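Next up is one chain by itself, shown in structure tokens, the form predicted on its own.
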């Protein structure tokens, strides 16, 4: 009876939070899915959405949405790859114990304290596509340094890989976070393991390759999932740099804004949101299952 009483007491304590999550998270997700399956027409009778799964078929076959998906793929690959590379590199440098480590940690982590909107305004100036005498930002810097060949149209070009430039400010902002994760992982490995490997004749490369890096795989997986899902739903940074109607830098999140407010098509915007949620769930849910099983096995 005591256990049942304690169980009910705990349930009553958390029931307000559970209710809020059910209503404002899962309830709104359900409402969004229902909206994405509705039929919609304009006042003039033009069909905006036929209803049912046809809404998803129409969205997936839309050239503009396919362009947004391609931009998202390029952005995610470069963003995730860049943050993981620089985060690990900076963690390796600091893990060696450099003078002024606290200063460098602060420098690397500072961008995280800046909002995406604020940094986007600055990076919009730095990545200005103007060239030659009209150049400003980085293009002006390259011109002053006598390297005009490095000037670029950055994200504003119509090429297939223009979103790689859009990932630069995102990497600058979140590489420090990945560095902090890896650095904490390095510091969590006891010095005894390092000394034992050195006594056995392991070189520094072999020490990191066979002793340290394998123990960082859970941290690397966590960083990969966190950064990956953030890149998939990036909106504010792209909005601040390119504006709301920039087709060349459009991703599903910014296209959703255009669908809802410019095209006045909430049904297609809801379908877009549902697909984006499903893509993120495919990446995140297996990770949550893996971590849950790992925690249970460690008990």
Partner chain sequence: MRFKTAIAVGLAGMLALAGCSGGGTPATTPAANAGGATTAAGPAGGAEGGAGGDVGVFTWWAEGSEKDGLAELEKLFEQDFPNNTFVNLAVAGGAGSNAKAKLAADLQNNNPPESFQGHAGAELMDYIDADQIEPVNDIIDELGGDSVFPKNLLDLISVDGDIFSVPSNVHRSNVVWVNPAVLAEAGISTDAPADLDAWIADLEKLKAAGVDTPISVGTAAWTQVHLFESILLAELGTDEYNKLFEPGASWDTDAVKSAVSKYAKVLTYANTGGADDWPAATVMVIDGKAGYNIMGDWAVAEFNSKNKTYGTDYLAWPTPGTDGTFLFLADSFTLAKGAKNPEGAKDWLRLVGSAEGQKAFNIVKGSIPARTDVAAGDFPEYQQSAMTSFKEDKIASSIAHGAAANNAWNSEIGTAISKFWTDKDEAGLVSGLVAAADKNNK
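Remember, predicted model here, so these are calculated numbers, not experimental data. Numbering follows the first chain given and starts at 1.
Below: the form predicted in complex with its partner chain, not depicted.
Participant: Using a 4.5 Å heavy atom cut-off, which stretch among 121-129, 201-209, 71-79, 219-227 contacts its partner chain in the predicted bound form?
Facilitator: Every other range fails; the passing one is 121-129.
Participant: So in the predicted bound form, is its partner chain close enough to residue 258 to count as touching (4.5 Å, heavy atoms)?
Facilitator: Heavy-atom contact with its partner chain at 4.5 Å: present for residue 258.
Participant: Evaluate residue 133 for contact with its partner chain in the predicted bound form, applying a 4.5 angstroms cut-off between non-hydrogen atoms, and reply yes or no.
Facilitator: Residue-level check for residue 133: yes, a contact with its partner chain.
Participant: With the cut-off set at 4.5 Å between non-hydrogen atoms, does residue 65 touch its partner chain in the predicted bound form?
Facilitator: No.
Participant: My question is simply whether residue 90 lines the interface with its partner chain in the predicted bound form - judged by any non-hydrogen atom within 4.5 Å.
Facilitator: Residue 90 belongs to the contact set for its partner chain.
Participant: Only one of 164, 189, 114, 143 gets a heavy atom within 4.5 Å of its partner chain in the predicted bound form. Which one?
Facilitator: Selected option: 114.
Participant: Can you name the residues of 246-260 that have a heavy atom within 4.5 Å of its partner chain in the predicted bound form?
Facilitator: Counting only heavy atoms within 4.5 Å of its partner chain in the predicted bound form, the contacting residues of 246-260 are 246, 247, 248, 257, 258.
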